[in-house]
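One chain comes next, on its own, written as structure tokens: the form predicted alone.
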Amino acid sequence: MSTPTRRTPDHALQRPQKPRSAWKAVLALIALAVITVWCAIGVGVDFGAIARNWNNASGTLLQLAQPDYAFFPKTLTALGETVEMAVIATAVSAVISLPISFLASRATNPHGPLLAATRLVINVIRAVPDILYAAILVSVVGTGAISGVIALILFDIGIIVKLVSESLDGLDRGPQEASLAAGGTWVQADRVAILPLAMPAFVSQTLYTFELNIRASTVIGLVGAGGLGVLIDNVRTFYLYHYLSLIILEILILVVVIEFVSSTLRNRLAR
């Protein structure tokens, strides 16, 4: 009686892989270094200027290291306006972005020309920086928070639609196909089968956008679009860096608190 032979696993018959040589990594690092130096020469980077201007910089840094807390009451109005701008822009952009996200996803929009047109418009909206939106709107609408809110809404629509439409493309389409097979239209199938699946990602991206709005609203204010940016521009113009450091500290605390709350909510949605 012959004994059964034990089969050797396939992976044991494969030749061991040759250790990768390091010369490719070295060449990649050299190429990266050459490109970096070439770019630095192209934009005229001068590290010697730091040493030559160090006396001026040291005075500025000394003021920045000593925030004037007595200035805090005068920042509350601008701080509140910044938060209000972020809240309004997030709410409005979320309402607008949800249906557009469905139009921008191949999984929920079977009409090729409409899909291409929607994606083209969103790409154009996303290509323009928020501060450029604010600069244009200040010249059209005027200085103040309304210009900043509209700029943030455009900025948010580009981000939310891009992220949510990509998440729609990756969803399980089984329930949607079942709805279509049962005689439903695409709109009905998207509303019944896809929308409940897409809501966690939509809410998560909206909260993330709210975080971005707090930072962005302080930047667009530099061109007169309301919020803390206007106050930053005023104190910077008069070289009041001890006031500026207090404003930066307030922004830091505000962003950390909002990030913590937003991250907690997004983690709960992901469970």
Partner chain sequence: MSTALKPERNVASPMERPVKPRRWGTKIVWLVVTVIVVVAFWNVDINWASLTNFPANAWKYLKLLFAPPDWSKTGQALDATLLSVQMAWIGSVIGIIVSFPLSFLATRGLAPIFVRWPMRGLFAIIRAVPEVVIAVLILSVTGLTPFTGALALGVGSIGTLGKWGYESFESVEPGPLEAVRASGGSRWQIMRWGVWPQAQPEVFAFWLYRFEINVRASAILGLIGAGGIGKMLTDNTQYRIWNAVGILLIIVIVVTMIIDQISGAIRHRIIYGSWKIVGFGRRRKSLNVATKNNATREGLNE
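Numbering follows the first chain given and starts at 1. Just so we're clear, the structure is a prediction, and the values are computed from it rather than from any experiment.
Here the subject shifts to the form predicted together with the partner chain, a form of this protein not shown in this document.
- When the partner chain is considered in the model of the complex, only one residue from Val192, Leu132, Leu79, Ala178 comes within 4.5 Å through any heavy atom, namely Leu132.
- Residue in contact with the partner chain in the model of the complex (any heavy atom within 4.5 Å), chosen from Ala65, Ile30, Ala70, Ile50: Ile50.
- For the chain shown alone, Leu240 is not a contact residue for the partner chain in the model of the complex, no non-hydrogen atom being within 4.5 angstroms.
- Contact between Leu197 and the partner chain in the model of the complex is not found at the 4.5 Å heavy atom cutoff.
- For the chain shown alone, Val128 is a contact residue for the partner chain in the model of the complex, at least one non-hydrogen atom being within 4.5 angstroms.
- In the model of the complex, no heavy atom of Leu152 sits within 4.5 Å of the partner chain.
- With contact defined as any non-hydrogen atom lying within 4.5 angstroms of the partner chain in the model of the complex, the contacting residues in 91 to 113 are Ala91, Val92, Ala104, given in sequence order.
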